[in-house]
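The chain below stands alone and is given in structure tokens; this is the form predicted on its own.
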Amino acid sequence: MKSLPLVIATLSLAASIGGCRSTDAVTETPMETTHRMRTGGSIDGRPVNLFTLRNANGMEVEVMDHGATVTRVIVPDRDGNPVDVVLGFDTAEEYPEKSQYFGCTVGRVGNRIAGGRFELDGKAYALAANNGPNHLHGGEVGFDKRRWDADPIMTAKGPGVRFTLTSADGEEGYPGRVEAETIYVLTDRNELEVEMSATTDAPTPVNIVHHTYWNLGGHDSGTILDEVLRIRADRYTPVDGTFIPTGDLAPVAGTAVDFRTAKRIGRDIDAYPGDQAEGGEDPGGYDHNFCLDGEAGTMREVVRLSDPRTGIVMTITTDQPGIQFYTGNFLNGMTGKGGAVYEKFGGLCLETQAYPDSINHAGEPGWPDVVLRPGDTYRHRMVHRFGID
């Protein structure tokens, strides 16, 4: 099996993360035969490092250390043409300015915590209410807005990058010091492997989530409504008007969230029209957590997504109990890579995870335990495999 070069790059703010690349103010430094380095640019006065992974099949993945973020995934379509299947921006500085968690690692707790409050071992904790009345994706400055330390690695499966981050005791209101790690590996089986782990010195909730926006027709191809999705889940967690689970683990049978048999995403999406009243916060579309079939902690295939235009197929295998399916409902016409305009339904997220607000359902039947304690290690693995219909 042949491994192609791992490229280490430091982004200039004027250089493209997306399609075309500027060579202005870029210095290339030869290292080992499998590496080269490009330098220049910064966010908040610090250089931003971009890592490019390539395999033997023409697939390419780019990640950056700001937010341990996936910025580009290039996959050959049915005709062998390269297609960038993730939403993103041309410059590094646009990510903190415009991103709705594009491609990043979110934590310490991904998804929502009701009222920004929880109790752990008899003590109450208050977090930032950064999503209406609730806490979302780790708070005001979650893992997605932090600079991660990065180390390129070469594994038996292919090239990768290991990102590490320290979250201090009390950061964003969470107890305990957490050491977090995210590893991306690109294999010659056209797999993007994502492994997340964490340890702590005091009990704390942890639910680290990968948050790429996918469009298998190409990031600039319009909506994902004609893509075909299957989710292996018999149940889901219904939510209230602020997207907080009601506590039920309800059957998907007979509902618009039944994806046990593959169907067009747009087929039943009008069942969720959103709150059209003045001041309403729900724009409609899918934004649901599914309780995945199979045993949590065991790797199993849970998702199959395909695009009829390109023929590209993506499957997801994970060890997590749940997955959030989100259809980009809040995309607002922002300008992305290459001048593409990302409108509502322009991309989708498939975020493997523990269920939203699990910390406030501790001990309830069927709900996962998200409390990490000293001496234990949080582990989360997901594998995206790409092919052609």
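A residue's number is simply how far along the shown sequence it sits, counting from 1. Values in this document were obtained by computation on a predicted structure and should not be read as measured data.
Another form exists, predicted in complex with beta-D-glucopyranose; not displayed. Remarks below refer to it.
**Q** Though only this chain appears here, would residue 219 touch beta-D-glucopyranose in the predicted complex if you measure heavy atom gaps against 4.5 Å?
**A** Residue 219 lies outside the contact set for beta-D-glucopyranose.
**Q** Using heavy atoms and a 4.5 Å limit, would one call residue 72 a contact residue for beta-D-glucopyranose in the predicted complex?
**A** No, no contact at 4.5 Å.
**Q** Looking in the predicted complex, any heavy atom of residue 135 within 4.5 Å of beta-D-glucopyranose?
**A** No, residue 135 is distant from the partner.
**Q** Just to confirm, residue 174 within 4.5 Å of beta-D-glucopyranose in the predicted complex by heavy atoms?
**A** No.
**Q** Can you pick out, from 197, 255, 317, 100, the residue that has a heavy atom within 4.5 Å of beta-D-glucopyranose in the predicted complex?
**A** Comparing distances to beta-D-glucopyranose in the predicted complex, the residue within 4.5 Å is 100.
**Q** Between the options 345, 326, 51, 355, which residue brings a heavy atom to within 4.5 Å of beta-D-glucopyranose in the predicted complex?
**A** Comparing distances to beta-D-glucopyranose in the predicted complex, the residue within 4.5 Å is 326.
**Q** Would you mind picking out the stretch of 165-173, 100-108, 219-227, 147-155 that comes within 4.5 angstroms of beta-D-glucopyranose in the predicted complex, counting non-hydrogen atoms?
**A** It is the stretch 100-108.
**Q** Mind listing which residues of 326-355 have a heavy atom within 4.5 Å of beta-D-glucopyranose in the predicted complex?
**A** Contacting residues: 326, 330, 351.
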